[in-house]
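Next up is one chain by itself, shown in structure tokens, the form predicted on its own.
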Amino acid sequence: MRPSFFHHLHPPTIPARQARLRYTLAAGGLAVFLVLILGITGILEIFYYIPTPTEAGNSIQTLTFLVPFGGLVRNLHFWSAQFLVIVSIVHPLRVILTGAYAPPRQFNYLLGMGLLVLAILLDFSGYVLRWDEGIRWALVTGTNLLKSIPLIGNALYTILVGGTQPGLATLIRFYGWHIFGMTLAAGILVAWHIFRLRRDGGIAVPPPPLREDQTRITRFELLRREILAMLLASTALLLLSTFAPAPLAAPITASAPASETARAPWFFLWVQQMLKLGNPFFWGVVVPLAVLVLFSLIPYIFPKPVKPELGRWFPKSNRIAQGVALFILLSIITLTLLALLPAS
């Protein structure tokens, strides 16, 4: 069979053992697939979305209930965004737990962390674009965290919000960053990440003399597996989009403070829970940034995985990095669950 364009996007062969789903979790391929769905559905939504405080919420209502298949398109966009954040977390976590950031892959790991940050920011900005009563925390409390930063906080708040309080300028800025600024940056990083993956030798494996299994699969088999994963992901997305509609609330009618029962989007619930502990600058800005920096520096500050142990889960040579990553992940999950508990 003659290779097609899509075949040429893959290396001719890759090690069979490291190509198994239980090793890769298909996280990288699913991330690219979800980005494509988000791009297509996002373009379709642009035709009906009106980025003004008085019309944004109503335009989403129109898209959801009046436009043929508009609700399905919006639901696909919403669930793809949620899964993209999950996959973007699972992917670097898998890299840490398998030691796949070993030299020369440290820089590509940083690119992956950058994509994780962009996935969260894109989800957050899209969340705000709903401009309904359900996004009060993100709009008010989330942006007010900038004010807690010493010296430059008020200036950063004004730059982000476009004034002294959220309004038309805020919505337009979030809209511009969501559909152009951050989307363009994400596209560049995705291409760079894939390029570096090929340049660094593909999937992390031991040197040939140290491999227990020398079997390799062709690009044809790899593409077949990827298509199967995409079909399964499409089925799951269609089922969710059919039976679990994206959140929708009444349009915002006034810029009022967030209520005590307001919640952050799920990926920031752990930050919302920490804000209850005290100083908003420390718990809402310093600690999340420290977690991000620590994760980003793992390939540089912890012992390097040794080559004979590459291509397997939980290599002994990077147990410290594994322990730190799992401890932070468990802490975030615990804080998230606490935030979901009803207030006493």
Partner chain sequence: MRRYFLLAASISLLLGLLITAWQESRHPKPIALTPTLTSQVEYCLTCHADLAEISSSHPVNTFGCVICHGGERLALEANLAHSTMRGGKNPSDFSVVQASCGGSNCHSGTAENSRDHIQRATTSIQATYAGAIANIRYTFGVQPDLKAVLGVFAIRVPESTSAITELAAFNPTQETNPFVQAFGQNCLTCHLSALPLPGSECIRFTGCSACHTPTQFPDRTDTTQIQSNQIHKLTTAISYTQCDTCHNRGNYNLRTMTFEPRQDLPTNRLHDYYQPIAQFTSCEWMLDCVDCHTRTEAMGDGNLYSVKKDIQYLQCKTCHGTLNDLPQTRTLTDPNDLAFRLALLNPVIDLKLGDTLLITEKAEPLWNIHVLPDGTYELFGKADGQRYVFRPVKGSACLQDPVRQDSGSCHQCHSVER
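Note that the coordinates shown come from a computational prediction; the quantities given were computed from them, not determined experimentally. Numbering follows the first chain given and starts at 1.
The discussion below concerns the form predicted together with the partner chain, not included here.
Per the 4.5 Å heavy atom criterion, the partner chain in the predicted complex is contacted by stretch 225-233, the sole one of 104-112, 136-144, 225-233, 185-193. In the predicted complex, the partner chain lies farther than 4.5 Å from every heavy atom of D213. In the predicted complex, the partner chain sits within 4.5 Å of a heavy atom of P251.
Contact annotation: N154 falls outside 4.5 Å of the partner chain in the predicted complex, judged by heavy atom distances.
By the criterion of a heavy atom within 4.5 Å, F243 is counted among the residues contacting the partner chain in the predicted complex. Proximity to the partner chain in the predicted complex, defined as a heavy atom within 4.5 Å, holds among L121, L168, L97, L72 only for L72. Just one of L239, V117, I86, L160 comes within 4.5 Å of the partner chain in the predicted complex, counting any heavy atom, and that one is L239. Residues N58, Q61, T62, F65, L66, P68, F69, L72 are the ones in 53-85 with at least one heavy atom within 4.5 Å of the partner chain in the predicted complex, listed in sequence order.
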